[in-house]
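Presented as structure tokens, the chain that follows is alone, the form predicted alone.
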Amino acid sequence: MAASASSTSLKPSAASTNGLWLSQRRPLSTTFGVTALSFRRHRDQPRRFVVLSMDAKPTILVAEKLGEAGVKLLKEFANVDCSYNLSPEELCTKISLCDALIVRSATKVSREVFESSAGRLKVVGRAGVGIDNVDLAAATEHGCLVVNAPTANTVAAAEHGIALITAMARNIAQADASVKAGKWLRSKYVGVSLVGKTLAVMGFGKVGSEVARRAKGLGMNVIAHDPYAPADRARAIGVELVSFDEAIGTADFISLHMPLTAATSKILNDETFAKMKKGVRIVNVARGGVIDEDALVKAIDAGIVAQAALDVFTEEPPAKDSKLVQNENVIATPHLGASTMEAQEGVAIEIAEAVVGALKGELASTAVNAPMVPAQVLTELKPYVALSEKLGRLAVQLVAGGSGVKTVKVTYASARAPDDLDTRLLRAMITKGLIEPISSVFVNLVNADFTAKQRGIRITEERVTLDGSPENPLELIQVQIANVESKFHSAMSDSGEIKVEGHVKDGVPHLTKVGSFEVDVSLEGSIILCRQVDQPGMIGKVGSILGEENVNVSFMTVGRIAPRKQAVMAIGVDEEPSKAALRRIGEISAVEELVYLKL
């Protein structure tokens, strides 16, 4: 058995955040209360309840035009407000009444928008790929999930890129304008062939790789630059991955498909244009900001760049007197990359499904500011996600009042290799379980690490590699809280930490260990834990008391040190027992301590 550990140091902060996203299909607009009742013999604690309405539909603001199929899907689930062309002030005013916001590229979702939402905004959906118009840092701090629609417009954007390449090579736009002006200038608009020319695809993601496929079909030699692209995917298409300087220095055509980030902003500038082959032709269907537009004008005037075909601009729409747009060697289109009927409907459906799914509490495979987990992995991890949150909830409810939770250790045991197990999602749900029962803050996949850091919680993770078949992603998850006192002494391990452990059996989370005691109880309801002297009739006595209270027992298991010695009884219950019933159980002579834990 081999173990590897990693840790995240979290410093305390007095700040707070208001986010809301309840996991595992609980509606985001719903809050649930946590009841904790514990006592050692003849002692109980008051119950705490939070009760909110669960009937209200969420409200979704659609701030830019969305395909009818997407709007119809949204209306089946929520109240939909389609309000277009809102000013920043109008958007900030409206947003406090909305649970979700859907935008395209024109609407800026700034920090002020998230602050104005006062914690109600739970999901921002970007109907498209790029999310540079959304303040991701602010979204994360406010616990707001950001999702996009990365696949529906891929083909449309790639086709537009190819259309611009061919139109530019054959001067289609200029020749068309000339003929319509009554001219017939055949010799002026002699073009260049694409066959045998080298195309450099800058950014080899979904759109870039589709452009490469089509360019190969046109007889072009395709190279690509992308520091994150897997070499095997490039080889499968027949594309060679090269360095940035080699790509721009050898290409006859350059097609841009990278996102706009701090690293890519104005990546084509005076310095990079100087490294290009004279007469290069440039296409941009990505983001306008990746090109220094003033530098491009100079490069065209100097003959370094023969032509440019641009679908996107730093400022949209560009100024009417823009030297770049008015240049006769530039073809300009008004951000049409995704503008096909098929793509518009596809994007509308994709983003509507992502937003509705997120509002339902489902895990989003298109989340931008949360751990990116493929859909098939989400499906496999789903029961372990539930287990993680419930173990966190159990552990923190075992902490005695006044004990601050600062140090948490999570152990994952699996037969899979460490690289084959991404635990970020599980850690986020454990954090959610740890913080929500003792805080008014709602924690989700988005803000879990941020919220833990604010509260000075240091979470370490250890992965234990087991021998055996890796059929299941995990064999067990263990949560330990150090340097605290416990309201249920038996939950303390031999080394002095509160320890709970669980696994998934037949798709259902089970608690398998409390402290040093082995148990086996389903985590489908709530749990009563009692330490007792192991003797005949205990199960019957406890069961009779619960039966008289009409409390249904789903599971009951006893873990003991040895016959007639100390034992821990774990009882899964579907209903909450009354304080009187719990007191009666605690008054049984053999019961030494008792705790009721609400899941």
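Counting begins at 1, following the sequence as shown. Note that the structure is predicted; figures quoted are calculated from it, not measured.
This next part talks about the form predicted in complex with a small molecule, which is not shown.
Judged against the small molecule in the predicted complex with a 4.5 angstroms heavy atom cut-off, the residues 127, 153 and 287 are in contact without exception. Shown alone here, residue 445 lies farther than 4.5 Å from the small molecule in the predicted complex, counting heavy atoms only. A residue is said to contact a partner when one of its heavy atoms sits within 4.5 Å of a partner heavy atom; residue 120 fails this definition for the small molecule in the predicted complex, lying far away. A residue is said to contact a partner when one of its heavy atoms sits within 4.5 Å of a partner heavy atom; residue 104 meets this definition for the small molecule in the predicted complex.
Contact annotation for residue 95: none of its heavy atoms lies within 4.5 Å of the small molecule in the predicted complex.
The chain is drawn here without the small molecule; in the predicted complex, the stretch among 381-389, 485-493, 128-136, 349-357 whose residues come within 4.5 Å of it by any heavy atom is 128-136. Interface residue among 335, 213, 453, 323, judged by heavy atoms within 4.5 Å of the small molecule in the predicted complex: 335.
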